[in-house]
Every structure is written in C-alpha cells, then in structure tokens.
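We begin with a single chain expressed as structure tokens, specifically the form predicted on its own.
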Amino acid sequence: MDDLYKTVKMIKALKIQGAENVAKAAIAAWSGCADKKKAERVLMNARPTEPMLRNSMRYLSKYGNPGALAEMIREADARIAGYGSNLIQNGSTVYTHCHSSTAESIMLLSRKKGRRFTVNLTETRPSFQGRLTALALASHGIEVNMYVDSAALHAIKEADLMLIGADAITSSGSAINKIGSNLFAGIARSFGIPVYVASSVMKFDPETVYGKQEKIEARSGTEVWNVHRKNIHIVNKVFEEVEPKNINAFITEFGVIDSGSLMGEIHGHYGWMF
C-alpha cells in the first residue's frame, strides 16, 4: 500500500501531472496493490477534475485487465497523434497553452514527418507548465516563442491554429483545460483562428450526462503569491471550461470531430463508462 499512497501524494503535489500521466500512474498503482477495492477508492479521490483516472478505475473494476487498458490508451494516443499531425503544415504557426502530452505528441509527429513550423506558447502561471512544453519541443528541433500569459493576444494573433489538450470533456461538448484556455480560445475565435482540443474521449465525464458539473480544482494561493495580509485573498483556480462555441473540433482516437458528434462516439465505443 506504500506505493499506492506515494502515487496519490505525487498526484496531489503535481509531481505527476497531465490527465493521461495521472491515469497511467493510477493504473500502475492499482496493479501493484493487493486490495483492489481500496486502491480504486483511494485513487478515485486523488484529485478532482481527473475523469480519465476515474474512467480507468471503472474499466479495471469491470474488466480487471490493466494490460488491455494500457494498450487501449497507447493505441488511442497513436491515432490522435496521426490525425492531429495532418493539421500542421510547413510554415504553420501553432499556438498552445500549458503542457499537454497529447498536443505535444501531435506536434512531435508532425516534425518527424519533416514539417517545419513554429510554436507560440504561454508560460502558464503559477506552475509554468508551458516551460515543459517549450523544452520538449525545442529538443526536437521545433522553433518556440515563449510569451508571458498576459501577452497571449500577441502569441495568438500570429498563429494559424490553436492546439490544446483537455483534462475533462463534458456532455455539452465543452472541454475542461488549464485556466486561461477559454479566454485564449475566445481570442483565437475573434481572429478566425481554428481551435482544436486534442483529447482521448477516455477523458469524458459520464456524470455530466446526469446534470452533474465537473468539479474545477482550486489550489493553495501560496502557489501564486506567498503573502499573508488582511483583505488580500489569492484565487488560484487551476482549470476552466472551454465553451463549445470556442472549439472548432476535438482531435480524438475516432478522428477530428465536432462537439455534436462526441456523444455518439462515446456511447458506441466506450459504453462501459455508463
């Protein structure tokens, strides 16, 4: 059980971050735990706004086959990277925000196919996950322009497309992603720049079908500013909802599809979620 609690602690502390990385770590922790029911219960509550983790536990509770689940995730990743890489052309400028392993894989595959393009990205305060994206892309020969979050307008208006990941997908066709994502998607829309959300539909939250709202995680204000003064309250919301009107399409394992087609694909391929 020590490894289980160690994994949960790392998830809570953002030592493991990114919805898919969190899910993979949870699968490994579940696999190594003798008490599967307890492991499932503890992991399901490791962090809010993590439906892929919860869906992974649902799958394991029903089928008990971590190997098959890991292969399902691997195949989904490969398909998403393939579909998404076709959207990036030679000479393109891609805008992205925060760090998404799924969005990153799309850009890396496009580069592997020989395309040369530039990535504009924002640093993503307060934890600076944008720097992770910058380092990964630059190490593969991709030109990166880093902007502070408040300069997002300048980063976006020069782009040909906006590409972000998602931590959750809802039944309304919205995506939950890093704070700032809806603001920046709205800016992209105002310039006529298409916005793509790269995400496995394993991140769909089935509870939203029944009217429940995806919980938006808030973290300690000390991550933003470690100050203790009367009348100063630090608000540190981690995620926000990207409205369907600001999303042109989702890049999924079933293709590049609009919000209205999501539910049919989910019911058809991942009926075990419900």
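Just so you know, these numbers come straight off a predicted model, no measurement behind them. Throughout, we count residues from 1 along the sequence that is shown.
Separately, the form predicted together with ribulose-1,5-diphosphate (RUB) exists; it is not shown, and the next lines address it.
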Among Thr118, Ser172, Asn86, Ser101, just one has a heavy atom within 4.5 Å of ribulose-1,5-diphosphate (RUB) in the model of the complex, namely Ser101
The stretch from 67-75, 148-156, 186-194, 164-172 that lies within 4.5 Å of ribulose-1,5-diphosphate (RUB) in the model of the complex, judged by heavy atoms, is 164-172
Discussion item. Taking a heavy atom within 4.5 Å as contact, would all three of Leu14, Gln17 and Phe239 count as contacting ribulose-1,5-diphosphate (RUB) in the model of the complex?
Written reply: yes
I'd like to know whether Asn177 contacts ribulose-1,5-diphosphate (RUB) in the model of the complex, with contact meaning heavy atoms within 4.5 angstroms. yes
Would Arg54 count as a contact of ribulose-1,5-diphosphate (RUB) in the model of the complex, using a 4.5 angstroms cut-off between non-hydrogen atoms? no
How about Gln129 - does it come within 4.5 Å of ribulose-1,5-diphosphate (RUB) in the model of the complex, if we only consider non-hydrogen atoms?
yes
Restricting to 33-47, the residues within 4.5 Å of ribulose-1,5-diphosphate (RUB) in the model of the complex through any heavy atom are Arg47
